[in-house]
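Shown below, as structure tokens, is a lone chain in the form predicted on its own; questions about how it binds or moves come after it.
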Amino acid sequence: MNLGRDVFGNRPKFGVLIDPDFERDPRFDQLLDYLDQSSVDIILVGGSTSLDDNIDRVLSKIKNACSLSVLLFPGNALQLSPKADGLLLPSLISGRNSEYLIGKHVESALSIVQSGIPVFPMGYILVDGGKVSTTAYITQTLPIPAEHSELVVQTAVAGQLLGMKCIYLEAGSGARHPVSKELIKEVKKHIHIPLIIGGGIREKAEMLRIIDAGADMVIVGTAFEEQPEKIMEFSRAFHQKVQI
């Protein structure tokens, strides 16, 4: 599997992030039903706080419900499974906590190789979304202030120079506001690897603004956990926008 070509292709993509812990929610099956009916491109599975080793079960349920590619976006070493189609391996390059720059990767390196999962190294950058995110709390790192666009750009370029295959700008789950259009444009102008945007995207207008700014992939999570039916509305608007 050529993970880069298969995931990003030659047009913007629309993805859904599912936290493994959401499996316990009565809305989980409803979310899967809507995913099967929608034109979502990709599913990401992972979460910062999940400690339950239920990742195999969650992936099996998703794959039984729909034919979409499912990528792991792990929040810890337990979130690894050969049932996944690939692994977005994040290095939290906006922070200075060595555990999330390389430490956790050392813990899981041999398991990842033994699993045979295609791996896509990803530079993960937290941007202040107006609220302390779960990721910032768990990793004990500070997000980059959104107004310091030059530092966000420098961090993204550094990730590219270090060999990352994509950059993920994340405002954080439940952010009060997503990454700004201006910041997306500025980062996109300085890197030539794919740019993923996530966090705080609750309305389709926000999603469309992000695509307009030049993002290669937009990821929505919490909004669909709260209202699974929104998946249909978002996916229709997205694919009308990119004219598929």
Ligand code: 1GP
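All residue numbers are counted from 1 along the displayed sequence. Nothing here was measured: the structure is a model prediction, and the numbers come from that model.
This protein has a second form, the form predicted in complex with the ligand, left out of what is shown; the following refers to that one.
This chain is drawn without the ligand; in the predicted bound form, the residue among V40, I211, A175, L195 with a heavy atom within 4.5 Å of it is A175.
In the predicted bound form, at least one heavy atom of L17 sits within 4.5 Å of the ligand.
In the predicted bound form, Y124 approaches the ligand with a heavy atom inside 4.5 Å.
Although the partner is absent here, T222 lies within 4.5 Å of the ligand in the predicted bound form, judged by heavy atoms. Screening 166-174, 83-91, 144-152, 101-109 for residues having heavy atoms within 4.5 Å of the ligand in the predicted bound form returns a single hit, 166-174. Residue F73 is the only member of 59-89 with a non-hydrogen atom no more than 4.5 angstroms from the ligand in the predicted bound form.
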